[in-house]
Each structure stands twice: as C-alpha cells, then as structure tokens.
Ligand code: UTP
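Just one chain is shown here, as structure tokens, and it is the form predicted alone.
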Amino acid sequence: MSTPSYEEIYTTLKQQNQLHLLKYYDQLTPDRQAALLEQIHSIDWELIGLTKKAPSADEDAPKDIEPLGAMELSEIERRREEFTSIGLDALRARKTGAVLLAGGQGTRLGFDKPKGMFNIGVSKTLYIFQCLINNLMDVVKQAGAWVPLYIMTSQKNHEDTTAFFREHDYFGYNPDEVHFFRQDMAPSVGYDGKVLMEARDRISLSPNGNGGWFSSLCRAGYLKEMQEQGIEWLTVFSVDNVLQRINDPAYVGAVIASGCDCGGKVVRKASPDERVGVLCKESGKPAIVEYYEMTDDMRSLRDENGALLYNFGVTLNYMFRLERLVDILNRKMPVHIVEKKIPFIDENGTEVKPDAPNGYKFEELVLDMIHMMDSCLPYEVVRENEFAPVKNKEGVDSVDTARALLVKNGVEI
C-alpha cells in the first residue's frame, strides 16, 4: 500500500490539529520528505486520542487478587522423566519456537550498543547473546533438533544486532533457524496532546513495550510461516537473564501436560519485600501482580506450613499456546500510557533534553498477555541456577552478581 500524498497527509494533520509535524517539510531533501510522510502515515490516531480520555471508573478499584500456587520443585523432580519425554517429543516434532526480546540498549550498563553485545566475560570474551545461544544449544543437542529462533530487535539496534550475529557466525546456531524482526514503534506525545518531533525530519518514536512482541512478529510476516511449519507453542524470554534455560524439555513438557494456555518460569522470592512481579489470580484469571500493587499484608501472608502465599516471582520466561496468542491479537491488547522524559525539538527547531517528564509513551505489556489467557502454569526453577539478570552496572541484579552466578554454575568467564 503506497503512502498517501502530501495533500492527503496535510488534510489528516489539519483534522488532528497536528500540522506542526510538517513545519520543516520544505527544508528537507525529497527522500527525507518521503520518509517523514511515511512516518506520519503510520501514526495510529486512535492511540494518540487515549491521552485525552479520562481514566475508566474501575482502573483504581481494588483488584480481586488471590494466590496461584506453582508447580514446585518437588513435583517437577518426581515427574521429570514424564515431562522430559513429552517435551523432547514436541521439540523433535518442531512444535515449539523461541522468541528473544532484544530491542534494548545497554545504557544502564554504561554500554552504548545492544545489550546482548555486552561482554560479561572477565578472562575471556563471553557476550550476553552468546550465553543465551549456548543455553539454547544445550536443548538442541539434547533433542537432536533445531529450535526456530525469532529475535526481536528495535529500530535503533537492528543493524548492529544482525551484523553482530553474522560476524560471530551465530555462535554456532544454524543461521537458517534464526529470524530477526523489528519491534513496532509508537509515537511520543507531549502533555498538550501534540506528537513530539525528535528532529526536523523525524517524529519521536519508541518501542511499544514488551507486550508488543507477538503483534510485531506477525507484522513481520512470520505467523503464516510458523503455522505452516506446525509450530504450536512459543516461548518468549528477555535478553537480560544470562542463566535462563530456554525451551528445556521438562518445562516444555510440563506446560503441555498441564493443558494450560501458557506457563511461566518462577523463582521463590528472596524476601517478602523483593520488588518482583508475582504470578497470581485476578478475578479468577492468571495475572502478574506488580510489587507495588500488593499490600503489606498480602506480601507477608503465609499458609499453614509457614510458606509465603505470594511467593513466586516471575523471570520473564513464558510459554504460550500459539492459537491463543492469535486469539488475543484479534482482541487487541490494553495500552498503558506512561509518563517519560522525552527528547524533542522545540518550535525553533532546537533539540531539548528534558530533566523531568514532559509527555507520554504508549506501551503494551506481556503481563496483560498472561491475564488474557484462561489458565497458566507457574513452573518453579532453582533461583541460583536460572536467574541471573543483568540490569545494572553494579549492585543488585548487576554485571558482578551475574558473573558470580555464572561461575557458580560452572560457566567459564
């Protein structure tokens, strides 16, 4: 579908009271003019209008939250052989794919490249991407079959990421099984409802949240391909966690055997006050409840054996039934409006980097995908074996803590 003409774009912008987006149009080269029109054409004006709507009456209403027990380590060990057999059958039949969320930069690590390109090694080179591929290769070797791998990049890091994988020969993974796709972007809006521009030829865009991965995957044309290949399940995991096991057979088998729509790897909380999301039930359906949504009483509630009732924190490693993902795609995900500090150009064309929030970004969240499912299996894993997030340069969940855990798990760094 071709981009509408300048005149058609102008008419739309006039209707939306957004003509400032064409202020510098006449100063641009023809190719930059075309790129700007294409960007404007892609704007979802219904999304922009959400900032003008009052919050719905039930947004602040108390949530009907109750615990959702996990499949604990003791049961997993008891049934490991059964689950592993089911999982290996699914992997060998190529019924499972894996999706790596890798759209972010390593800014918080003091690293200006894609986060997965960060070297977590000490005496040898070991990239975050390399850790994750090594973990997936363990499954490939065990199953004797490749797992189709889809890697979500962003507009800002796509070229760097794809070049990095080529340069390193995909770290031993079969290049034919690796598929890259860009995350969809959403415009940023000022408090006055005007779409912000980050340059004279570009509107301000940002990734549409970690819940936008499936719609982005579909928009890239991969849904038909997956259905034709017979893929029935997709696991989705974040680039952050260097120790996570991806599509490990026991996990795959347990989720399939449960009959649930999805599963999620969980770890026991380090303390009642640990700031992690917890898999619960909300109004009878599975939900991830964030730390700040829980009362002090809820956080400290215990069962008759003294165990915390809200005890299992999520690790952003989920497994979804593909047909259910297609269902929620057709139902449309909730959109979260988030206040942010957004660089922009002012009415004089001068770049401004605000030191306080100045507008809104629009995000879809993976936690909403869980809540749109009818059932979910929380699957417990050993924290120190599978949870080594690299979020910060130092301190909690940092480069240093991840390195220590890698060494503890026998990984040479």
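We call the rigid core whatever largest set of C-alpha positions still superposes within 1.5 Å between the two forms. From a predicted model like this one, the values you see are computed outputs, not experimental measurements. Quick note: we count residues from 1 along the sequence shown, nothing fancier.
Separately, the form predicted in complex with the named molecule exists; it is not shown, and the next lines address it.
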| item | value |
| --- | --- |
| Touches the named molecule in the model of the complex: R403 (any heavy atom, 4.5 Å) | no |
| In the model of the complex, S216 touching the named molecule (heavy atom, 4.5 Å) | no |
| Distance check, D248 to the named molecule in the model of the complex, heavy atom within 4.5 Å | no |
| 4.5 Å heavy atom contact, G103 and the named molecule in the model of the complex | yes |
| Stretch in contact, per heavy atom within 4.5 angstroms of the named molecule in the model of the complex, of 69 to 77, 257 to 265, 300 to 308, 233 to 241 | 233 to 241 |
| Residue among L316, L88, I120, A220 with a heavy atom within 4.5 Å of the named molecule in the model of the complex | L316 |
| Answer option from T161, S204, N208, T96, heavy atom within 4.5 Å of the named molecule in the model of the complex | N208 |
| Partner contacts in the model of the complex for 339 to 354 (non-hydrogen atom within 4.5 angstroms of the named molecule) | K340 |
| R302: Cα shift of 2 Å or greater between this form and the one not shown (core-aligned) | no |
| I76 C-alpha moves between this form and the one not shown by 2 Å or more, core aligned | no |
| Large Cα move at K340 between this form and the one not shown, threshold 2 Å, rigid core | yes |
